[in-house]
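Listed next as structure tokens is one chain, alone, in the form predicted on its own.
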């Protein structure tokens, strides 16, 4: 199969693990039969972008263009595209390709777990060769299966982080059937945690935020928490021991997972969506005594991500964001390392010059 025609588009990339991101150009293919071309209006900044740009996961190929929280407007479609037309609002999350015809996970709507899954950045570009390039660019071309419809009634910039932070928290809450009558804990009030609070509250659960910072109590309540527990306070922790049906752990720093397992009721579950660098020791009796379970969750499949966006449109849910220009991305990375953002950075791609 011959390569599609490519054109150059503006982007920001890292040339090496130690290099700051800087302006460049990258190739994008002209749409093939099932492709959707999107002018990128806003792109969220995920902590994964920083890990990728700095090769902290040890698979980055350079030049590297991060960005997998993409919202934009369709500018062109292939002749066999049926779901989108020019002018439509559209989103792209963490996935841009997979073997939809033969993969059993794809057939179940679990594209995120497919061994053939291609990431929006850092994957293998089957069309042009080399690595896939993400959303820190003026446009992107994606197979229509992996393009999402964006609700028209929401702030587009604040929608962008839903494509990663939103679905990362929505999916496990849905999977574990969080809803009315359930007591739910959210550990950590950052980019992921603040969305966990919003979704758990919208699902009708009683929501409790665990935080190490007393200064975050007011914000947690504003976002929808019914209660806030300062996890450094042993008396506050003891008061809630053994009472939670579900806990979503959004912390990527080293922390005591056993303290939160002790918060679970019989048959309670704790799901990890944060990714600490070092393994977390787990005491077996913390699970055995109460038939508790510890699990993990990634993003969601395409159908579930669309369900999440539709839910957000119906309930007026978006991320709390701080808008930045493209040329502020390196500063944003440094601030993100210090947790100095409430709660996600979003790039106004009109600033890409």
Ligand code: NAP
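Here the rigid core means the biggest group of C-alpha atoms that line up within 1.5 Å when the two forms are laid on top of each other. Numbering follows the first chain given and starts at 1. Every value quoted in this text rests on a predicted model; they were computed, and no experiment measured them.
Keep in mind that the form predicted together with the ligand is not shown, yet the notes after this line are about it.
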Listed range touching the ligand, judged in the predicted bound form by heavy atoms within 4.5 Å, from 32-40, 320-328, 59-67, 295-303 | 295-303
Do heavy atoms from each of 164, 211 and 216 fall within 4.5 Å of the ligand in the predicted bound form?
-> yes
Is there a heavy atom of residue 262 no more than 4.5 Å from a heavy atom of the ligand in the predicted bound form?
-> no
Residue 189 within 4.5 Å of the ligand in the predicted bound form, heavy atoms | yes
is_contact(residue 276, the ligand) in the predicted bound form, heavy atom dist at most 4.5 Å | yes
Are any of the heavy atoms in residue 47 no more than 4.5 Å from a heavy atom of the ligand in the predicted bound form?
-> yes
In this chain shown alone, the residue from 253, 282, 234, 241 with a heavy atom within 4.5 Å of the ligand in the predicted bound form is 253
Counting only heavy atoms, which residues in 307-336 are within 4.5 Å of the ligand in the predicted bound form?
-> 336
Yes/no, residue 212 Cα shift of 2 Å or more between the shown form and the other one with rigid core fixed | yes
Is residue 89 one of the residues whose C-alpha moves 2 Å or more between the shown form and the other one after the core fit?
-> no
Residue 237: with the rigid core matched between the shown form and the other one, does its Cα shift 2 Å or more?
-> yes
